[in-house]
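Only one chain is given next, in structure tokens, and it is the form predicted on its own.
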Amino acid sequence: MATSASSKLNKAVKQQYMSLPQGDSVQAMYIWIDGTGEGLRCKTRTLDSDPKTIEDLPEWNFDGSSTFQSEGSNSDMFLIPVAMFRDPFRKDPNKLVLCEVLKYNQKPAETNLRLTCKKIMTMVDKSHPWFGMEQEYTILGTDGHPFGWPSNGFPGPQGPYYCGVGADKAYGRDVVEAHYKACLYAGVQICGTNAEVMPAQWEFQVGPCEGINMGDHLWIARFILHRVCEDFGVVASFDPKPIAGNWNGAGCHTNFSTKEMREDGGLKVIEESIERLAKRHMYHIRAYDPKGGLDNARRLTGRHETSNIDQFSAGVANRGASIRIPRAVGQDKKGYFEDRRPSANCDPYIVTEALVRSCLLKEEGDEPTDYSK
């Protein structure tokens, strides 16, 4: 399996420099979503002092013609800081800064889905919407071959790998452990991790996060994963079906609740929300992967613990349904539900926004309502 050349550099030499004092200066790594809606970009600037709030961070810019976001003749794009985390790679006092992207005319870039999401979350803040997202991913070599798989052929059939222990069952745990610790250091609300059904596939969970924080924390967790994999010389893939055939795909199951759902009698509210979701199935399918459902079509086949992309279904403890009500929620008559349709490469901003639009704002039809009019 191929690994990157940079991973083979002597890290002890690098550490000599990383441990040097930096005075009062702070390195702020600005992070944004590029024009693919999936890729992340970053660059660093020096600040004269330690920023305490988002307001202490200056706006910045970049060349959008090199990130699939503008033409070369008018390429400047603006970076607007929106969330700040500790930097687990350079360590304190350095920062990771998540940014929104605006075009030259100060309008949001096409893949800046955060702006609208935040407006929608503000409209329902009294309902205190909570989200938890289960991010599945696959560790690959730089040649695209799954980590630990035989160079010619396949590993043994699925079965022993899910939550497995042992060198013949868990492929790449070093990456997982490093990522977990780095997220905790950064302040990401990561709440767990486990090996998944396909060998070399893993999952981490982020949440519960309220409102816009869900998207912010998941995007930073993804960025940290990419950086950790870079150090190990491997690749983190969010492809929803990285290996064709009789292998599990990768999703981003999304758990959702409101204040009403979490209170006594909340199951009735959950059931009403599921009825509304059933009427907008294709709207959600289009929102749940960056290609409007084409990526999920490879994954949501009705096999390998998925529902069929063309049919809406719901059930208690049913992992083959579009919406799963956990058994404990059915017994307690309150809690949350799990939407199992979002793909691993989904944008969490539009996924959480779509759930709020359908369940709380009670929108109907195939298109989102425009509240700016």
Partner chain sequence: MASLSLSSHLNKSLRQQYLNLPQEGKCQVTYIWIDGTGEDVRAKTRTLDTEPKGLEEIPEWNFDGSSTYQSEGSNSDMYLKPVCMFRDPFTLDPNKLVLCEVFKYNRLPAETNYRNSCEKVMQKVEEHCIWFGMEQEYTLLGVDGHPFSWPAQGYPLPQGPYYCGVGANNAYGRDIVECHYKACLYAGVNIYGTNAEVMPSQWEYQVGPCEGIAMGDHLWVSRYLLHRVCEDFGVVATLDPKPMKGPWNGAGCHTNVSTKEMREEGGLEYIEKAIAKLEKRHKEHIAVYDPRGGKDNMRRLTGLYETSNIEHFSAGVANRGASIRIPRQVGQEKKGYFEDRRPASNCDPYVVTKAITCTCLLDSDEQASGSEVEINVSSPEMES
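Residue numbers count along the first chain shown, from 1. Worth saying up front: this structure is predicted, and the values here are computed from it rather than measured.
One more form of this protein should be noted, the form predicted together with its partner chain, which is absent from this view; the next part is about it.
Student: Only one of Q106, T122, S151, N246 comes within 4.5 Å of its partner chain in the model of the complex by heavy atoms, so just point that one out.
Tutor: Only one listed residue qualifies here, and that residue is Q106.
Student: So its partner chain isn't shown here. In the model of the complex, which residue out of G72, G265, G166, G159 has a non-hydrogen atom within 4.5 Å of it?
Tutor: It is G72.
Student: Taking its partner chain in the model of the complex, would W202, A221 and A317 all count as contacting it (heavy atom within 4.5 Å)?
Tutor: The answer is no: none of the three residues contacts the partner (heavy atom, 4.5 Å cut-off).
Student: Look at the stretches 306 to 314, 338 to 346, 325 to 333, 59 to 67 and give the one with heavy atoms within 4.5 Å of its partner chain in the model of the complex.
Tutor: Among the listed stretches, the partner-contacting one is 59 to 67.
Student: May I ask you to state whether R90 is within 4.5 Å of its partner chain in the model of the complex, using heavy atom distances?
Tutor: So R90 counts as contacting its partner chain.
Student: Against its partner chain in the model of the complex, would H226 count as a contact residue? Criterion: heavy atoms within 4.5 Å.
Tutor: Contact with its partner chain, yes.
Student: For T369, is any heavy atom within 4.5 Å of its partner chain in the model of the complex, or not?
Tutor: Contact with its partner chain, no.
Student: Can V234 be called a contact residue for its partner chain in the model of the complex at 4.5 Å between heavy atoms?
Tutor: Although its partner chain is absent here, V234 would touch it in the model of the complex, with heavy atoms inside 4.5 Å.
Student: Taking its partner chain as it sits in the model of the complex, which residues of 146 to 175 have a non-hydrogen atom within 4.5 Å of it? Please list them.
Tutor: Contacts from 146 to 175: none.
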